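Okay, here we've got a single chain as structure tokens, the form predicted on its own, with questions on binding and movement later.
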Amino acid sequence: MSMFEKIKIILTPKYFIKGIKNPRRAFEFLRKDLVFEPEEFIFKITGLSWQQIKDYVKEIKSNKEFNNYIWEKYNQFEKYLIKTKKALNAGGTSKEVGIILYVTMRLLRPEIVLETGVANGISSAYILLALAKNQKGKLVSIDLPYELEKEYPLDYIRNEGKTFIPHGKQPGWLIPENVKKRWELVLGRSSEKFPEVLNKLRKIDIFIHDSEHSYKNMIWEYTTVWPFLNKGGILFSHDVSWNLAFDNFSNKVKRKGVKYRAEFGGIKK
């Protein structure tokens, strides 16, 4: 995004008011803080060919069958949750972050991808589609599902920002069947399953955090996975604006964290 485009955003009523209240924050936005285009974020985190990035972005955007399948089902579920009037969360990532994940997988062609948090499976679907296109790689996902209309013990539900899946469904129910063969789902809390899974995998190429977004859990996952991440590998994290875990960890490992808006971040090892 050009400086001119960022200035136009700052001058919209919403951001103009925020800029007056916090000029330093507005300046940081203009200078470097937020990246608003998926292509720019991918280039910053991978350093790879801009033309190749654009080609893969075009590839996923033009896949109407996949995108329609994913988003029509997700939108129907989200509308259902709204009708319940219980302020329940369907979770899910944005289309832009889906593009980031897809294109990064196509560019880096990873052997092993590990993620915590699946829920309805939007991020997982984009990753698995890319692995299928690459004809290589495996996604291992750890998830503790929250199913609608199901009772849970109090110690089960301790997640910040609980994401629900439909009653009778499994995590990742949105994932098309034709891309699931490269997927392994591990049910349980990341705090309980993470060490076991990492010791089995030994090395991973890409990690994506999207489980419990407490500072304690986020910093623990980052710290635990980092030694297993191959050099040149990427640690991705959803919801990096919830707390300072992402910023503090990037400072700790002395690697610059790159952010896409306030919802997603990445650190290259």
Ligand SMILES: C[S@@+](CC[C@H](N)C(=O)[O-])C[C@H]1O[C@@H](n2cnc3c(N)ncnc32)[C@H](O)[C@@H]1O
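Given the structure is predicted, the values throughout are model-derived calculations rather than measurements. Each residue number is its position in the shown sequence, starting from 1.
The discussion below concerns the form predicted together with the ligand, not included here.
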item	value
Triple contact flag 92, 117 and 123 to the ligand in the predicted bound form, non-hydrogen atom at 4.5 angstroms	yes
Contact residue in the predicted bound form, chosen from 103, 175, 131, 144 - any heavy atom within 4.5 Å of the ligand	144
Stretch in contact, per heavy atom within 4.5 angstroms of the ligand in the predicted bound form, of 210 to 218, 49 to 57, 224 to 232, 197 to 205	210 to 218
Contact label in the predicted bound form: residue 180 to the ligand, heavy atom within 4.5 Å	no
Contact test in the predicted bound form: residue 189 vs the ligand, heavy atoms, 4.5 Å	yes
